[in-house]
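Next up: just one chain, as structure tokens, the form predicted alone.
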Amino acid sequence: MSKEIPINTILNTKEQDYPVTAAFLAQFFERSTLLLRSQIMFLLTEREAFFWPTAEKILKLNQNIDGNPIDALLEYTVAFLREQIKFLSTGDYRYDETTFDDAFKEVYDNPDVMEAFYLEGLLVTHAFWPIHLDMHRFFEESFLQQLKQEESLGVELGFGHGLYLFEILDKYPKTKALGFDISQYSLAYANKLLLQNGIAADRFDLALGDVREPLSFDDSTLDWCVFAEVLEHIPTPDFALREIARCLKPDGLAFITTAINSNAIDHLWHFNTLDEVTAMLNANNLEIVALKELPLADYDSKSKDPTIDCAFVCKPLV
């Protein structure tokens, strides 16, 4: 497939197998001629095999909860770009370790953000932002495939939209999951996403919780933990990581992601280098068994944006 092929030709070849995604893209390109166009064309040409089934799955999940994915994706993207442009100019994030309560009030406890675009927009980026698609592929191949297929128990801390929980529960029918998030809007959204997409209510238990506080698990009791896109949002990442390491079984696995030199409307912990992140993981009793580094510059050679997303699979240091 070549970038010179008209978008309508591409969609016509895919609409039978991936009707929801083809319809989404047709409407998207009618709405937005520039925003995300080059990124989506990258997906259609460089990530075709993984993009189409992933996008179809995510859009169907969203469709089943009556979402509005185009508006959410556009608004989430614009909000991110505004913050990143400010960061590139000033070198500062919107919040810092002393202003978490402000972030909570203005973002996590604000329905005009969480319900209007944040949760749905972030969900859809897992298919339509190339860097997030690649991170999701790493999750599937390096974490999800490695989990125990027999009955297991795990937790997601800061589950947000609930996509990772869905992936785990959908793949492993004997697994049960717990989840904690600080936002009442995340709690409502993730519950709805799981229930409306066929996950039985007795297989998961989601609740409000704060990772700045001790986890309510005994030592070495969890088979797995997901801690995705949370480290950069909290003022006490070391404490949270130690708690994860404490609660995992010796053979348990944690999936952890964060962003380097990348601002957003709710980022406060600024990592400057990958070495800072790996040192923090090791210092808090987590051994890295797999790592994916995703510099934004790898997707656009002309970009001067220093953003690096990174994802880790870890096990507790014994």
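A residue's number is simply how far along the shown sequence it sits, counting from 1. Computed from a predicted structure; not experimentally measured.
Same protein, other form: the form predicted in complex with a small molecule, not shown, and the subject of what follows.
In the model of the complex, the small molecule lies farther than 4.5 Å from every heavy atom of residue 177. Within 4.5 Å of any heavy atom of the small molecule in the model of the complex lies no heavy atom of residue 166. Using a 4.5 Å cutoff between non-hydrogen atoms, residue 243 does not count as a contact of the small molecule in the model of the complex.
Shown alone here, residue 210 lies within 4.5 Å of the small molecule in the model of the complex, counting heavy atoms only. Comment: 210 to 218 is the region of 166 to 174, 143 to 151, 210 to 218, 196 to 204 lying near the small molecule in the model of the complex, near meaning a non-hydrogen atom within 4.5 Å. Of the candidates 113, 182, 225, 72, 182 is the one whose heavy atoms come within 4.5 Å of the small molecule in the model of the complex; the others do not.
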